[in-house]
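Presented as structure tokens, the chain that follows is alone, the form predicted alone.
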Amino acid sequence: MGTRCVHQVLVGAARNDAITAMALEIQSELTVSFTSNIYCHHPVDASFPDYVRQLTEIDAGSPDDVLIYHLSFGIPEMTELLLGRPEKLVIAYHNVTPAEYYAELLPEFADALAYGKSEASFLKNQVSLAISDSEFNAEELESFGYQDVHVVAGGANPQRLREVAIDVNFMADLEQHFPNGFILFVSQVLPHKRVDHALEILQLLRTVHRLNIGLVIAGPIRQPAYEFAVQTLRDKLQDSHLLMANAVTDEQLATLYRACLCYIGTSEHEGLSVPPLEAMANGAPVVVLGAGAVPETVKSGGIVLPIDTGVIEFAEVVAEVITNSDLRSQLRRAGVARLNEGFGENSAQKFVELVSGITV
């Protein structure tokens, strides 16, 4: 291992969080050639490896070292710290969710999101290398004045569950709970993910299309205020046949992907969106709203609906997928073909190669 330090900096690390998962994949490549840790502004869960540490523990760096900052949220203290460090700075831009989704429920959180876009501009002159994980995100960085933005979805690994065995007990529970099958929504439960639309689609499938199926929402609930809003809507939708699975294990997630009738994505803003790719890798037909980077990510591997598609039209498409076995088979083949294009292949290695180029 070399003596040069290349550390990653996150606002926070959390299980079932896409950016954390990507950073961990990148870390496995960084440690081949560099001294490297992951440092977080927010408290670190004790279950993480010991190389995931509090930002307060970071040592004094040197101009030969590198900091990789994963930007998806804004904190003035982080900006100040990064501007005062001697290391070369790499920005890994994951996009910042538009603040308006949180303005009503979580105004302070909305303010931090709004600041996040400003932070990208504040750091611009300090940045030695800019990397985004989609063309959509690269265009936003360029709108802030960045040049030579490299597009690499560093650490994204849609195939990561391919060798994971299913959870047979969880499968039995699903079969008992949903004897006629279920559709699947995988995401952190946040306002811009539009879980409310997924619930409405389920209701339309059950009432208008007479499909006696259920919905599984797999993902942690990050904001209690939004959890209350979702629960209020759920209470209004009688006989919803909904399972809020919260955070799940990899074995449970693999089980959900392989058992579902269809994967749906209703998010209105995505800087990358890995779950539909994981769904494809595990044989699930995919129907998603074409928000942000979703069209370039999914491409022809699933059905990508126009961004202005309403829940009625969305439900009609899902109903056709569920009831048309030929279409389901076609979508499964399309998903495999999309992944065979090489999305995410050696993405962490490609990311680290870019970073290595500025350390010499």
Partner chain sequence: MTSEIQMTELLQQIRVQIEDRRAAGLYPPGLEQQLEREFAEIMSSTNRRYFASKDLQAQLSHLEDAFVRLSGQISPRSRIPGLSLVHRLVGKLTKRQVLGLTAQIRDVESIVVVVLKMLGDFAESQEEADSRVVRELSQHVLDRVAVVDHLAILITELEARVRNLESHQGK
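Numbering follows the first chain given and starts at 1. What you see is a predicted model; the values in this text were computed from it and never measured.
Beyond what is shown, the protein has a form predicted in complex with its partner chain; the following relates to that form.
- The candidate spot formed by Val208, Pro224 and Ala334 is fully in contact with its partner chain in the predicted bound form: every one of the three has a heavy atom within 4.5 Å.
- Of the residues given (Asn125, Gln147, Thr232, Gln176), Thr232 alone sits with a heavy atom within 4.5 Å of its partner chain in the predicted bound form.
- For the options Val311, Ala291, Ile58, Ile322, the residue carrying a heavy atom within 4.5 angstroms of its partner chain in the predicted bound form is Val311.
- Under a 4.5 angstroms non-hydrogen atom cutoff, its partner chain in the predicted bound form has His197 among its neighbouring residues.
- Although the partner is absent from this view, Ser300 contacts its partner chain in the predicted bound form, with a non-hydrogen atom inside 4.5 angstroms.
- Val32 falls outside the set of residues with a heavy atom inside 4.5 Å of its partner chain in the predicted bound form.
- Residue contact with its partner chain in the predicted bound form: Met78 places no heavy atom within 4.5 Å of it.
- Contact with its partner chain in the predicted bound form, defined as any heavy atom within 4.5 Å, is confined among 165-173, 248-256, 128-136, 98-106 to 98-106.
- Annotation for 6-27: no interface residues with its partner chain in the predicted bound form [heavy atom within 4.5 Å].
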